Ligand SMILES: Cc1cc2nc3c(=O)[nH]c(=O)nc-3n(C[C@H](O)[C@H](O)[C@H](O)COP(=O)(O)OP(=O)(O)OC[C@H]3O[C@@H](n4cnc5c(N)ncnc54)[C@H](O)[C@@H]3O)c2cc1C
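Just the one chain here, laid out as structure tokens, in the form predicted on its own.
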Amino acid sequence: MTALDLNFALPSHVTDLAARVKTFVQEQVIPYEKDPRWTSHGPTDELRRELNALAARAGVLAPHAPEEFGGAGLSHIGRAAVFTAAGYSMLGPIALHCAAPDEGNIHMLDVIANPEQRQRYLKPLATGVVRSCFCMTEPAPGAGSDPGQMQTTARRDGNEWVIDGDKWLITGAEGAAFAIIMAKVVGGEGDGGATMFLADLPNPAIRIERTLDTMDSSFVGGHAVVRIDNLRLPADAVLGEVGQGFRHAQVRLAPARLTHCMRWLGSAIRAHEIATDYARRRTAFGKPLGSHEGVSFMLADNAMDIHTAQLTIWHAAWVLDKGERGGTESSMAKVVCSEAVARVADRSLQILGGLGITRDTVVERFYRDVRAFRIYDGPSEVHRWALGRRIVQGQAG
């Protein structure tokens, strides 16, 4: 019987870059965690630009970007190592310019954009000059977990497209330089099909009605309610092909849900380390907290959840690097990781006791922020439903 040849060793250039990122985050980013510019609606653009400048000087800005725009052209496995290192602070991905939605938009534009769009939109985004947003989610009865309920419309009028609709929970809309808008074509070519459009911001036809007050606070620009009213765009504003928006969006969705896992895993590792250090130092009933099985068992469960999440991410990244679609693997990773890191956050806060509910450590903020991860990029229930359907149909092992 031939042994299965498994190799979990990462390339040296990846481990070296991840180590540099980890050091950068520890030494230069973590001190900003008490900065008042990290607001309840996320870090301000001023703070983002300051952190980006530090990352650029350290040579770690946008390592995932295409090499033609100064990036390292990382594979998905490479991103797993580097993004986890960046996530050691929730401000780390902001500093490296590898946070959502920009990281996912960079990847999608790199794959889909035509040469003119690459220069006009991808280049300034990949180099951190600007930010972007992805306008897909809508308030009820529009598209949420079910993209087929898309209500935003796009109709052809001569050489222009006219777009109307409401979007909400649009991350980073406030202050973005452009938007990628998903809309359903009505009439003519591509009737009934979803299409993506590129729109410069600000634009009077795209109105940010308000920034939502949410429990998370890790994304620059927060989450906005957006009204699109009689937006006129030229014919060449289409990203990809008319009527193929959902198909093209898959280029973004599987890798983007996986990079969320990578970043949050880094924060989970940090929370676990903070809890472990406290369990070693704090005493109760005559011995360190960590000597009590009730606490040591929680630390052991943390370590197992972190390990499981790490392996799940690596496998899904490996599948994507082979050129496969990776839909099933990334769905599994999204559920496994979002729930695992949430458990790590909860146990870490519990171990810290009274300290855990204060903002004297970052664990309290991580606990609040990571709860949203089980909802965005597909709730756990939707991924389980889709996976279960594939199993019943014999499409998943």
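In this text, residue numbers run from 1 along the sequence as written. Just so we're clear, the structure is a prediction, and the values are computed from it rather than from any experiment.
Separately, the form predicted in complex with the ligand exists; it is not shown, and the next lines address it.
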Could you confirm whether R131 comes within 4.5 Å of the ligand in the model of the complex, counting heavy atoms only?
no
So in the model of the complex, is the ligand close enough to L17 to count as touching (4.5 Å, heavy atoms)?
no
Looking at the partner-bound form in the model of the complex, is H223 within 4.5 Å of the ligand by any heavy atom?
yes
Should T84 be counted as a contact of the ligand in the model of the complex, where contact means heavy atoms within 4.5 Å?
no
The one option of D110, D216, D164, E174 with any heavy atom within 4.5 Å of the ligand in the model of the complex is D216
Which among 201 to 209, 136 to 144, 315 to 323, 230 to 238 is in contact with the ligand in the model of the complex, heavy atoms within 4.5 angstroms?
136 to 144
For the stretch 365 to 388, I need every residue with any heavy atom inside 4.5 Å of the ligand in the model of the complex, listed N to C.
A372, I375, Y376, D377, P379, E381, V382, W385
